[in-house]
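Here we start with a single chain on its own, the form predicted on its own, put down as structure tokens.
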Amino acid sequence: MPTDDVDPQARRLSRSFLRDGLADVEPYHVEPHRHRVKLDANESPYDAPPDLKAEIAGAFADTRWNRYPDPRAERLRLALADRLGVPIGCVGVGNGSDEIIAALIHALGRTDARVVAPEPTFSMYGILARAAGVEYHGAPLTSDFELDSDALHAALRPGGTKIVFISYPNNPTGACWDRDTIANLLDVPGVLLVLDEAYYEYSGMTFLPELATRGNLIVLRTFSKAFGLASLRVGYMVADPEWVDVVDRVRLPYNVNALSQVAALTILAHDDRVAEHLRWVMEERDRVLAALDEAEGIETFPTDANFVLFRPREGADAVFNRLLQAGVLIRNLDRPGLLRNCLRVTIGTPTENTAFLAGLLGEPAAVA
């Protein structure tokens, strides 16, 4: 039902039922725009090849559709455990990493809990904390998008539990922050550190080895980015089995559907294809960065991910709208504060990146 057609009485009724604190929570919103080239969501530009899709379809065809999927995704967890060199009990699978983030906050959101994250960062940390009724505190980055250790530790009030989310590399700024500054958080009493390594395959940098000696560390990964399965929503956590059990206490049953489990297993078995796509994206990232750095009036920021944050002198809105007119959709992050006048572009295929650069720099280019 369109929002404009909602009965005002029903709207008032829903507001009266709404839990305190939720009225001011803004949901995650994706603005619809007409486009030919989509470079706004940090997805892989490469779909699974037809032969892999056929293999996945064949495996899924052998699945009983009238039966619920494996509730614990045992085969997928085992494959991930083998790949990572950890016991299967250290791996938990979710309907995207977002579900695991939400489950952790819901399970650990005691009255004395606080969720902390550097800002700007992935907005879902704050959205999910507020949705769960848990206090959220953003610690501002420095003017050059580095971690501000003093601001971060100031957010970690004495007493209570602190769930600290670190996006590594950070979204939307792109870089992996100083490792020692992050590791020092593990020594703060009452801190659970959640390292969101959604872009690990692009950066090659991880805190996974620290899990052997750090019981208050959780690492998150996803199939939505480098593995190209964004539409199927598969994320996973790696941690001490006690933390996996915490998530299991609150996650919904049968949370990862059968097709998603089959697809993730198949992609893992063909990681040579993923490596090839990664190489292509990294080469294109270098090309896009070099072109932006050479352009006059554009400030770029270091990136270890599959996207680039940049600030054009002429203004974010003007550049965003000009690219949209050319059929190229990127992310407009312009807002007061550190992201003033900033835009973020996902690295696409060579043709897509050429279209982006042409639209940005005012040169004609055909889009296949």
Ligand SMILES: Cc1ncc(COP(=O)(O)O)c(C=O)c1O
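Note that the coordinates shown come from a computational prediction; the quantities given were computed from them, not determined experimentally. All residue numbers are counted from 1 along the displayed sequence.
The same protein also exists as the form predicted in complex with the named molecule; that form is not shown, yet it is the one meant from here on.
For the chain shown here without its partner, which stretch in 110-118, 191-199, 154-162, 270-278 has non-hydrogen atoms within 4.5 angstroms of the named molecule in the model of the complex?
Looking at the other structure, the answer is 191-199.
Using a 4.5 Å heavy atom cut-off, state whether residue 97 contacts the named molecule in the model of the complex.
Output for residue 97 is yes: heavy atoms within 4.5 Å of the named molecule.
Does residue 173 reach the named molecule in the model of the complex, with heavy atoms at most 4.5 Å apart?
No, residue 173 sits far enough from the named molecule in the model of the complex that none of its heavy atoms falls within 4.5 Å.
At the 4.5 Å heavy atom threshold, is residue 251 in contact with the named molecule in the model of the complex?
Looking in the model of the complex, residue contacts with the named molecule do not include residue 251, since no heavy atom lies within 4.5 Å.
Quick check on residue 233: any heavy atom within 4.5 Å of the named molecule in the model of the complex?
Close contact exists here: in the model of the complex, residue 233 approaches the named molecule to within 4.5 Å, heavy atoms only.
Only one of 145, 122, 227, 207 has a non-hydrogen atom within 4.5 angstroms of the named molecule in the model of the complex; which is it?
Of the candidates 145, 122, 227, 207, 122 is the one lying within 4.5 Å of the named molecule in the model of the complex.
Would you mind picking the one in 260, 255, 222, 266 that has a heavy atom within 4.5 Å of the named molecule in the model of the complex?
Residue within 4.5 Å of the partner: 222.
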